[in-house]
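As a starting point, one isolated chain is supplied in structure tokens, in the form predicted on its own.
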Amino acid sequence: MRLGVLISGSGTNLQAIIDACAAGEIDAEVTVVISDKEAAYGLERARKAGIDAVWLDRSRFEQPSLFTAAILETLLAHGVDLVVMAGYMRLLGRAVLAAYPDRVVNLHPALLPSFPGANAISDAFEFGVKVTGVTVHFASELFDDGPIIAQEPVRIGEADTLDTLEAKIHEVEHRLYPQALAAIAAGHVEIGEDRVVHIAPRA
């Protein structure tokens, strides 16, 4: 399976995916990494791994639909089978979702539907919940929406700070996301008519 990864930042989850593919834990390869930010360190991670790294400057496109079209053109040019959002901080355009139905995956640092949005970790911490977590889900036209593939809880202890909670969340992300992608690549993930994800047990 050929993966196209969308990023906006440092790319730590991208690195976890690259490493898992290289170790044979995911039966897939990352064929292109696309960023909407030129300074995103994830682009350098891609280059170091010998993966095509593409920066698409949003300011050069007069309309959001043209920017989306450029993303789609890049994905198709690299023969991408599955689109993976790994810290991509924008809503993905309709054209990409239409071209890849139920083949766009996103990672969110909370237990959806709780705490959607860009500040999920701090929102959960400041709200005072005792359990938050990580969600992997198929993307839709709405932020942090779509059928849930996998979730894992993360407990917030009395001694936790926002920094220690973020570290806990990232640790789970770097493990759960590759596991979910491995299940998809192996053909073990299906979406039922009820739009609920079903995962076949490992043989």
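We number the residues from 1 along the sequence you see. Fair warning: this is a prediction, and the values are worked out from it, not measured in the lab.
The next section is about a form of this same protein that is not shown, the form predicted together with a further copy of the same chain.
Between a further copy of the same chain and the residues Glu29, Glu152, Glu171, Glu141, the one pair within 4.5 Å by heavy atoms in the predicted bound form involves Glu152.
No residue of the trio Asp57, Ala86 and Thr164 has any heavy atom within 4.5 Å of a further copy of the same chain in the predicted bound form. Taking the partner from elsewhere, Arg2 is found to have every heavy atom lying beyond 4.5 Å of a further copy of the same chain in the predicted bound form.
At least one heavy atom of Glu158 is located within 4.5 Å of a further copy of the same chain in the predicted bound form.
Taking the partner from the other structure, a further copy of the same chain in the predicted bound form has a heavy atom within 4.5 Å of a heavy atom of Leu112. Taking non-hydrogen atoms only, Leu43 never approaches a further copy of the same chain to within 4.5 angstroms in the predicted bound form.
Interface residues of 128-146, taken as those with a heavy atom within 4.5 Å of a further copy of the same chain in the predicted bound form (partner not displayed): Gly128, Val129, Lys130, Val131, in sequence order.
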